[in-house]
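This document opens with one chain alone, in structure tokens, the form predicted alone.
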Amino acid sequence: MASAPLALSVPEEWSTRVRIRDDARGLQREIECRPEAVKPLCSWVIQTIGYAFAGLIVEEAGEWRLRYAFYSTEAPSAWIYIVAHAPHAQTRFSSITEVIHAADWHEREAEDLFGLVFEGHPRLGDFVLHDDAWQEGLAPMRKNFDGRRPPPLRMPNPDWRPRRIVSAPGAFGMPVGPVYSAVTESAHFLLETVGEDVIRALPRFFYKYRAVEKVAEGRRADDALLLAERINGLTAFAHGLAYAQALETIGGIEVPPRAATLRVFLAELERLRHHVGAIAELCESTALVVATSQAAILEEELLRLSGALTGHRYLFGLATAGGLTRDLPDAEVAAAAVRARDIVKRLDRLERRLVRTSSFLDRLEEVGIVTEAEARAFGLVGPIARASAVSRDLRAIQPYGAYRDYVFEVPREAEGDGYARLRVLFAEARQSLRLMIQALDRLATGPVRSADAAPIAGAALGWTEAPLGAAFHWVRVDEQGRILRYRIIPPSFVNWHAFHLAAEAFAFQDFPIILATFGLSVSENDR
């Protein structure tokens, strides 16, 4: 899906100790190595080549394969995978968090789910599987773990206590969650302080860990599409599309031009609706009742528009390997674009009112700051990264589908505060409308789904720029088209890692507003 082959070689000192394999199109380079070479090679890819870390993919197939994925952030170029092989009996590896801090949660997750130990990591355990609910060493993602049956013996740690960092006289911790009213998912935040400002914010997630990757194993690849869409119901189309593109890469499936164009239209419709909903929640967090209602009305209109056009308010059941499950009449697509244009005009009016409301700006400006250096160190993605001057957008730097032929801007702000994140949401909503109109003008006649291809064994990564940021879906299938390994790296998993940066050094009353400016999904994280 990238558009330029890779022209580089590994450092000379490693050239005789690695095996380099390029795919037929030169759009992907695998550097196979022994585990001890992983850390210096990862450092080389990040610091010398300037690539970004996409994630860690652990595979168990008679041996361990640890795949570290990297992508270019400057221009479309080939992906780099550093792949370490090790005997199955080996479960200890060197941590790369010293050179790539963004790998922190990836290694913690692999330790909890696969039982691997990353030596040198500052803190392992009590992550996905909470120590007060599950015993150590369970390793539910191992092949010998039967996910259809509950563990025969459940032995949590009776001595577990919440983690504390602040120990000064008078220090106390204020718990937020994990139980909330309404539809808010379960997440816990321990805010530590000795006064009114948060000194440390310690998040705890995975109260409703769904083990989607384990559930998918053994299923037919097309059946698992239902799981991909349900990782985050608010961004179902983006996740379904990333999964479908992985299958298309494995099978060499060409998507018909009409389907590729409609995919752009639907993806941007989803982004527009998502961002309007995020703006409504942000207004609600600052107690602007009228503005909240106005934004919520626009979100509801976009939901109705989506339902009328596609049959589902959240665009479920549309993406599939080879295109789309159904065609959309040209006249109805055009009517949807006209309606979306009207909604964006009203959204612009709301923005003008908000930026003239001093009491609103006081709650956002210079509050919840994430610096550019922090955003890069934590590998942030999506609107949150772009509000901190990190303008990564996979539609531009790793274009997929029809996006390489479209013209749009990637909004970027530099302050990294709540107001910058709000401005990015408004600007991206306008760009989504711009892309929808371009898609409407490029609609061609023809089918919306290629003929079904025979199952082919293989593995591939599919990606999209979901409304919350970069979403990666790694899929490996066997000759019968059944899933051997499914790895999901959603944007919320990446961005929650850095949320504490925004919450710390600000007052307790700022916490719910900062939370709203991030607008992340707990359920997507608890996949």
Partner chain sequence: MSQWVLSGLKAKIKTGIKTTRYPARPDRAPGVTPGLPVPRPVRSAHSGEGDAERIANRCPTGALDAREGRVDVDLRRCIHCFRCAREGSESMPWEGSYEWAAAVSPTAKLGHAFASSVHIRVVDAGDCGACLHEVKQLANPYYNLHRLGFFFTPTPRQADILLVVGPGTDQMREALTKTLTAMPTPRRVIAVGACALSGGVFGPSFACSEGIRSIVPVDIEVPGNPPPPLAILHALLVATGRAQSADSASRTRQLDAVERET
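Positions refer to the first chain, counted from 1. Fair warning: this is a prediction, and the values are worked out from it, not measured in the lab.
We do not show the form predicted together with its partner chain, though everything after this point is about it.
In the predicted bound form, its partner chain sits beyond 4.5 Å of every heavy atom of F118. Put simply, G322 is far from its partner chain in the predicted bound form: not one heavy atom of it is within 4.5 Å.
Taking the partner from the other structure, its partner chain in the predicted bound form has a heavy atom within 4.5 Å of a heavy atom of R356. With a 4.5 Å cutoff on heavy atoms, S285 does not count as touching its partner chain in the predicted bound form; it lies far away.
Proximity to its partner chain in the predicted bound form, defined as a heavy atom within 4.5 Å, singles out one entry of A291, A375, V424, V367, which is A291.
This chain lacks the partner; the member of R404, K208, R123, K143 within 4.5 angstroms of its partner chain in the predicted bound form by a non-hydrogen atom is K208.
Contact with its partner chain in the predicted bound form, judged as any non-hydrogen atom within 4.5 angstroms, is confined among 200 to 208, 78 to 86, 102 to 110, 376 to 384 to 200 to 208. Residues L288, V290, A291, S293, Q294, A296, I297, E299, E300, E301, L303, R304, G307, A308, T310, G311 are the members of 283 to 311 with a non-hydrogen atom no more than 4.5 angstroms from its partner chain in the predicted bound form. Relative to the shown form, the CA atoms of L226 and V183 are pushed 3 Å or more farther apart in the predicted bound form.
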